[in-house]
Ligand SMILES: Cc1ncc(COP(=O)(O)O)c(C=O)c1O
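The form predicted alone is given below as one chain in structure tokens.
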Amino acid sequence: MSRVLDQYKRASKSLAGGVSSSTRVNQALGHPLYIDRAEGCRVWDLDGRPYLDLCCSHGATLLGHGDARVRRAVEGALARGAACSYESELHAELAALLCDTVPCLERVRFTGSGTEATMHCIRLARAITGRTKLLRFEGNFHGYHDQVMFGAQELGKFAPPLSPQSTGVTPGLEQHLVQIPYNNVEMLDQAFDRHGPELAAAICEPIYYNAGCIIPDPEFISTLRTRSREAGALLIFDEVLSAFRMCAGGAQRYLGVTPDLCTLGKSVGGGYPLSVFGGRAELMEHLMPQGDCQHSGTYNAHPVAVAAAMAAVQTYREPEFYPHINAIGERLIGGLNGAFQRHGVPGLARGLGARFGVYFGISGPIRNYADTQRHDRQQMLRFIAAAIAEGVYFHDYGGAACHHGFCAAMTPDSVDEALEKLDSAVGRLARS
């Protein structure tokens, strides 16, 4: 038995399901990939087998594994004792750097996870407006707290009945949610016409990476900004996944639309556990101790994570960072689409910046979550299994389509190495 499978068997005796997080079981493998070490754009499993990593910690390690700049910053924080639950100069330095980088940020607060960031953003919006309802978009992912763990059985409908997406979710919270399809201007106008005075906020993924990669139509995203402002509802961009992918200012800079509040996560911490929420100064003043909306936590802004984030964000601001990211993305995604065409496999890779999606069997536009349901998931699982067998790691955590990505440590040579292996994987797919 391989060490990987043996470890899964042993872990299952003490960890629920054998994992520390439900989605760490790769559905294409039927078990987790246990990593022994990681460096740059590569990981090695417990059997010593190397993989070019196209998961990159679901996007958290945008710089690559073990980045020297992040490591030096972390070692510096550890050398000073890494005292958590206190304030330091570094907290304010990182906050100032983020406010200078992301358009909507004038004040920020730090949290540990993206789930916490969206939870506090929604609570803050309700505290500011005195309203309770939240406009959200079908399929957009905003974490695991009860306020957002609802979805519809019928897709593409206006404000359909919602049901919990997990057992144990508090019943009744769905009455505070109005859900409509992403990228649908007509239903967006309808939502504000019917519910505008009741809405505390509208929350969305400004680049919809959790369904692979869907970029909003300019009319949709500009209408969302205009109608939320007119209704007195706050606009929240959930940039836990989209922040720093395509430019240092995130999706809001790329799209040219500034929300009232936003969340940042994953890559903001340089591979360490840190998330952020923030917005205009007068809105953030509603948080205690200035206001009466609570946000706190012993491990918020742990000094090790803050030091790592400082190094990471400074790197994202360097002028050569995104030209490199965009060049690698074009080479990788273009090459993968070329492999699909050569082997006659109906696959499509599409991305923006450092994240991308892969779709199988879809003809026609992909504009929202309902469109992604035409994706051939079983073919995707076969492709991922073939890619892993060739030495390229993709992760599949369930759902119609997933997001994948690369890190800045990839070079043109490592992209070409990945494409050679992926061509073999697609060839396997064509012959199966």
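Keep in mind that what you see is a predicted model, and the values were worked out from it rather than measured. Residue positions are given as counts along the sequence shown, with the first one as 1.
Missing here is the form predicted together with the named molecule; even so, the following discussion is about that form.
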| property | result |
| --- | --- |
| Site check 129, 197 and 235: each within 4.5 Å of the named molecule in the predicted bound form by heavy atom | no |
| Of 272, 141, 220, 321, the one that lies within 4.5 Å of the named molecule in the predicted bound form (heavy atoms) | 141 |
| Heavy atom within 4.5 Å of the named molecule in the predicted bound form - residue from 300, 113, 315, 258 | 113 |
| Segment that reaches the named molecule in the predicted bound form - one of 165 to 173, 238 to 246, 78 to 86, 345 to 353, heavy atoms within 4.5 Å | 238 to 246 |
| Close approach of residue 179 to the named molecule in the predicted bound form, 4.5 Å, heavy atom | no |
| The named molecule contact at residue 210 in the predicted bound form, heavy atom, 4.5 Å | yes |
| Proximity of residue 266 to the named molecule in the predicted bound form, heavy atoms at 4.5 Å | yes |
